[in-house]
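Just so you know, structure 1 and structure 2 below are the same protein chain in two forms, each on its own as structure tokens.
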Structure 1
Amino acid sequence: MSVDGRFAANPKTNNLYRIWKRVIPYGYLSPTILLLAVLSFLPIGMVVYYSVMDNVIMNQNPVFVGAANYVKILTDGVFQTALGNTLYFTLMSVVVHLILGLTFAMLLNSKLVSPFTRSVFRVVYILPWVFTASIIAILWRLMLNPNGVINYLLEWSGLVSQKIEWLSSRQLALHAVTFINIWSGYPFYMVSLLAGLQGIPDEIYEAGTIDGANGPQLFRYVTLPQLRPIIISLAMLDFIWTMQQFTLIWMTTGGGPGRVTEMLSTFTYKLAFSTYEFSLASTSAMVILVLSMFVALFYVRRQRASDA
């Protein structure tokens, strides 16, 4: 069917053709628009609605309660704990991801090592990224088990004198899950930064060397400024993603012991699917949405600015 051609060939249908031309792009986008409507506009509208009703899904005749749920959630001690935990978890992850990712990327970019050796190491370093979060969770539960291999190695090297309950200790669990998340997420930074490093022209380094700059100065005044846009994008994306992390927490500690590893995501999930407080859960989900959107807004702005 040569639809465009047929209309164009007949001058009498010129008007129709112009309308058709205008409709075409929307035609191609219609499955997308339909899916977006059903999968994002409608659900977000529903969450907003749920968050201002007394209780939904379990209740046949919900009643409008205004901002009551928001007051209740924001003053809830457990919510505040979850918010604090999420911020710690997210900020630590982003910072250490960046440090590890940049260190590994620079090692893998070293011209001192043969390209073959580099590509072998690159595959090894990227490994954590191949594993899905639930597999990573189980693997680290095995390794961090009180009788597991990590404790054995620490005892053997004399660093600790007794078996540590990494994931069920009130003092350590939050740090342990943060570590696991750091392990699972650094390859994304590493690969992106490696691509960024390879994009820096050698001439800039040569010019710097001629001007008498040493290694650390080149890093400070050439590498970092060149990578700055990538680093900012990575940190924002990672912030959004890590804030939403559910699987790792759910499958390692489930938010425990007590509430010491409770995150906004696990808190919300439990409200909805353990205690069936769907309205309060929706309120909490709204807070997470607003926080994510706040960060995303900066990200979209940057992307658009660099598109233009």
Structure 2
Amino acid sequence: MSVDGRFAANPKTNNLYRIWKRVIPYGYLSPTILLLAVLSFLPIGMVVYYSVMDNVIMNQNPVFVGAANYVKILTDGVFQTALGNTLYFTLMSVVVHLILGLTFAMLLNSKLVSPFTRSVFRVVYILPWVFTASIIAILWRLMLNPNGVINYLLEWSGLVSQKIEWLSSRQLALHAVTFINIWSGYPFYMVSLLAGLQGIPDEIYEAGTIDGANGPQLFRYVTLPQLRPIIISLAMLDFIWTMQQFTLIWMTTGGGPGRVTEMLSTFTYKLAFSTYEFSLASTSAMVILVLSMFVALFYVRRQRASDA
């Protein structure tokens, strides 16, 4: 008699067999679950714990303070400035990433351009994505230096009469680092949207053309609806990633001059490693986590709806 037959003949053994079948998948997943617990869940739990305690690490006997740290952080003027800067930096980056990425993707997908030319421009357009954030920061610091190539070209063309302090000006620094982030991030949109464009069947455009639709109408009623799932996913992911951007800001302006480029990431870093306020830094990190999770929730719900 087969194993299944023996199990089926004995109800108690059959129940054990069913339980075993349910447990086996978790056994295969256990290494991943353990890794997530050590690298994600445990650190998040510690940050949550730190955020409701008195200054941990620096205080040998920290005491529970509840929501006091959250009240202090949320009412702090520097935190509010960092939050405003982060939202501007993030929203501007996401919007312009989408516009540039879609524009370049459509250009690279155009049949009016020869395959060789498209290949060359694909390499050129994707170059910013090749460099790491630290390399990008160093390159743009050199180019935006008062004696750098950007000021030289502007003076040579007669557009400006004196050198501009791009990263040291209180009026220009935030816009400058936002521009750098836009330049470094648009290839992600371009590659993803180009793949989406190439997946749209030509028959849909042909049907629209037969029905009398012109170019803008085809873009509005065919291209955008077909790309909408990709656009929403890209925008949500980009919002989460950009809001946590640290390296680019820290290596270009460090949050200065003053606080004009202070982001939540640099604000949290300074709390932890400049003033050693680890509890307040954990509280600030929790605020970033909540904002990210809020967007991530919509992303997951969107993914589930598209898979259904």
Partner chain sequence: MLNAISRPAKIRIARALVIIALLIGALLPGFPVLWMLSSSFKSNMDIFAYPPALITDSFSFGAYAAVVTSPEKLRFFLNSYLVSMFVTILTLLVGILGGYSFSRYEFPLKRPLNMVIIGVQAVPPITLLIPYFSLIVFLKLHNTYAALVLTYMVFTLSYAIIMMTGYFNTLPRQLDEAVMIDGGSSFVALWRVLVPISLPGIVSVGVYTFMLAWNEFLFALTLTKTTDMRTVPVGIQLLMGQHSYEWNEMMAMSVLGCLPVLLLFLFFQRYFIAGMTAGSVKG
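Predicted, not measured: the structure shown is a model, and the values here were computed from it. Rigid core here is just the name for the largest C-alpha set that superposes within 1.5 Å across the two forms. Please note that residue numbering is based on structure 1, beginning with 1 at the start of its sequence.
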Block containing the form predicted together with its partner chain is structure 1
Please determine whether the C-alpha atom of residue 293 is displaced by 2 Å or more between structures 1 and 2 following superposition on the rigid core. no
Could you check how much the CA of residue 19 shifts between structures 1 and 2 after a rigid core fit, in angstrom? 6.0
